[in-house]
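This document starts with one chain, in the form predicted on its own, laid out as structure tokens.
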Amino acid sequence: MPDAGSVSGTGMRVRLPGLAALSGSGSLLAGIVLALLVLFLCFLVPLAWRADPYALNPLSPLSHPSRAFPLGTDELGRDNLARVMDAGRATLLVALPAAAVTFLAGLLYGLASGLGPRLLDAAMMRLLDAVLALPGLVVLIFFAAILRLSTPSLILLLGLISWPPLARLVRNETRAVRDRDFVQAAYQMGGGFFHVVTTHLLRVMAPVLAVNFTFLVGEMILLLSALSFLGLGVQPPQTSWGGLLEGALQLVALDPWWLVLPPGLLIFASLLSASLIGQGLLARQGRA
């Protein structure tokens, strides 16, 4: 019986693109387009819309969207479009470096464990199990509540709380690849340790690492938004999408939908774009 991606006739079998291939390419393209739209709004639109996100307009508090204020104003009369774009820059300029810190920490720990002696690997894995047993969000809230957070410290806090799952993945992939013939051949031909790691091990793991990095970006945006919603993330006068949501929900009795929808939709769009890109890369990896 022919499979779902093929058509057979008399003496001929024609392979057609499978549904998984089409859906994978569509997910990747949709995710990239959505991510570019979010980046365009946060970094390029402000070059044209130069309103000050901190300027007060006492005569226009809680104004509905209009030509003068396309996304209305908040309770102090501040331009909500300018605030949403400013909050987006703050969110992404914390979330993206935090994802990079998480990625680097997980990669280095996983490589050290996977390439180390059996005893070192066992000790590092037991330590990793202990860290994974801790509720990450609770630990994050605890440290955010007791520390005075600047942008660099917030990046480090987010990055150093989320690395264990990636470290376990990298360790398992490293253990699976380290004894393969092409790696041993590279050693026998005089390849140094760092040359073998960067040229062979990381090249084999590159597709898996790329997928996980996209998911890490979405996770960092979600964690930062949750912290800011609780008042523990990006600190005033700077704000983030989570902070805008928290401020808008304090006025929920006044039904300020123009304050609630934009940051909520942008958080959702950012998470969706990261998820779609990751799923698209997974689908392409499955077809490779």
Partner chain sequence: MTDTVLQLQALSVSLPAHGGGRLVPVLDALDLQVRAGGMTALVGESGSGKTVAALAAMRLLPRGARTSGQVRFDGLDLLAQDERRMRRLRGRIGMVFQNPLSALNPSATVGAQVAEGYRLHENGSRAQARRRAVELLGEVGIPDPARRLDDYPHQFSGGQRQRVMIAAALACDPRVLIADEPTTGLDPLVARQILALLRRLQQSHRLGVLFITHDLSIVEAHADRLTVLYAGRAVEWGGAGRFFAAPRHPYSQALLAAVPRLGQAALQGIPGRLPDPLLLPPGCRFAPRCPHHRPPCDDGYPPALGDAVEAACCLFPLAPPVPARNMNVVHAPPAGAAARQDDAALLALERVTVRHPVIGARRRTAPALQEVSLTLHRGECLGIVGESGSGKSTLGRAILHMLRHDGRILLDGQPVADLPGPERRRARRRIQPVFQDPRESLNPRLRIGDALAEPLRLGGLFDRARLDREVAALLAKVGLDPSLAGRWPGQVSGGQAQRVAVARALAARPEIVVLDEPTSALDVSTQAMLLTLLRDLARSEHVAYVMISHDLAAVSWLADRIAVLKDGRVVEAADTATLLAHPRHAYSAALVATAPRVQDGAGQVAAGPVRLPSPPA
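Residue numbers count along the first chain shown, from 1. For clarity, a rigid core is taken as the largest C-alpha set superposing within 1.5 Å between two forms. These figures come from a predicted structure and were not determined experimentally.
A second form of this protein, the form predicted together with its partner chain, is not displayed here; the remarks below concern that form.
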Practice task
Let me know the one among Ala210, Val204, Leu169, Leu160 whose heavy atoms come within 4.5 Å of its partner chain in the predicted complex, would you?
Solution key: Val204
Exercise for the section: Tell me the stretch among 192-200, 92-100, 107-115, 78-86 that has any heavy atom within 4.5 angstroms of its partner chain in the predicted complex. Expected result: 192-200
Practice task
Look up in the predicted complex whether Leu156 has a non-hydrogen atom within 4.5 angstroms of its partner chain, and give yes or no.
Solution key: no
Practice task
Would you please decide whether Gln184 lies within 4.5 angstroms of its partner chain in the predicted complex, comparing each non-hydrogen atom pair?
Solution key: yes
Problem - Partner proximity in the predicted complex: Ser150 to its partner chain, non-hydrogen atom cutoff 4.5 Å - result: no
Practice task
Classify Phe194 as shifted (yes) or not shifted (no) between this form and the one not shown, where shifted means its C-alpha moves by 2 Å or more with the rigid core superposed.
Solution key: yes
